[in-house]
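The chain below stands alone and is given as structure tokens, in the form predicted alone.
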Amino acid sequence: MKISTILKENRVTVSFEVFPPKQWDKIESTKETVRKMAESNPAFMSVTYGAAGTGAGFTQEIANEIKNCGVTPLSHLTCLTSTRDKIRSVAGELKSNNIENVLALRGDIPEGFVFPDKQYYEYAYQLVNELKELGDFCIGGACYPEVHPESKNRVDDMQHLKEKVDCGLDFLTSQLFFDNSVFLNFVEMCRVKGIEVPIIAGIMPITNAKQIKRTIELSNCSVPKKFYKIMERFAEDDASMKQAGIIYATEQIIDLMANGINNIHIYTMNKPDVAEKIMNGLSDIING
């Protein structure tokens, strides 16, 4: 099923993200993770793409496992360091495996990276245009509630996002955030700008102190005082921090839904127990 169809049903949806292993000998354990997560009945599951295109086959393998579990798969595809021929090859594999949902991403620029030649795409909108020509894909894109780190300012960021959406995106999934007011304001700005596609809120449950530091460094997202207090109190106690992180994420989702945001995407970090506990905390809301 196309994710655009799922999002048009006007119901509360919660989806999961998983990432493939870096080595093939870990593929079966990742498939087991997928099977466990599928038991929580997510609306769909996305699978990330290997850095620099590595492990593209792993992404395909996990996407197939998601489909085999009866869940709609969303395959990430990054274009930064993949040639156009490679992109066409991957798109062909997706079509042959009846995977019709793609999250089109540029990818992070490695330090010192220089685009080799015109065989490579420089921007995500170029990948979107290519995918529209290669098949009848449902195509999603990424958005940044707190401004893309490479944008000059909010105005510049919104303009680039509008241009990308106008290329034919069917939906957007946001980068993680911890302050709901940031996301709600972002959605309002998108609507004013004429960006009308569904915007899925990306939520990452923070379950350990190590994850806290790395996540904040990579995402550069703001952290509200309430969450800082949680970190101060529980960061040194693994079990307490995990429970507090799950509760914070669940409360964040409930607040978003109370404010009219029906579509949530959870960055699970391949932790089925975390995904299950959040879904249990939302069971009546999702099924009501």
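From 1 onward, residues are counted along the sequence shown. Small disclaimer: the values here were computed from a predicted structure and weren't measured.
Below: the form predicted in complex with a small molecule, not depicted.
Taking non-hydrogen atoms only, residue 160 approaches the small molecule to within 4.5 angstroms in the predicted complex. Proximity of residue 84 to the small molecule in the predicted complex: non-hydrogen atoms within 4.5 Å are absent; the residue sits far from the partner.
Using a 4.5 Å cutoff between non-hydrogen atoms, residue 105 counts as a contact of the small molecule in the predicted complex. In the predicted complex, residue 48 approaches the small molecule with a heavy atom inside 4.5 Å. Just one listed stretch, out of 203 to 211, 92 to 100, 186 to 194, 170 to 178, contacts the small molecule in the predicted complex at the 4.5 Å heavy atom level, and that stretch is 170 to 178. 142 is the sole member of 142, 182, 134, 216 with a non-hydrogen atom lying within 4.5 angstroms of the small molecule in the predicted complex.
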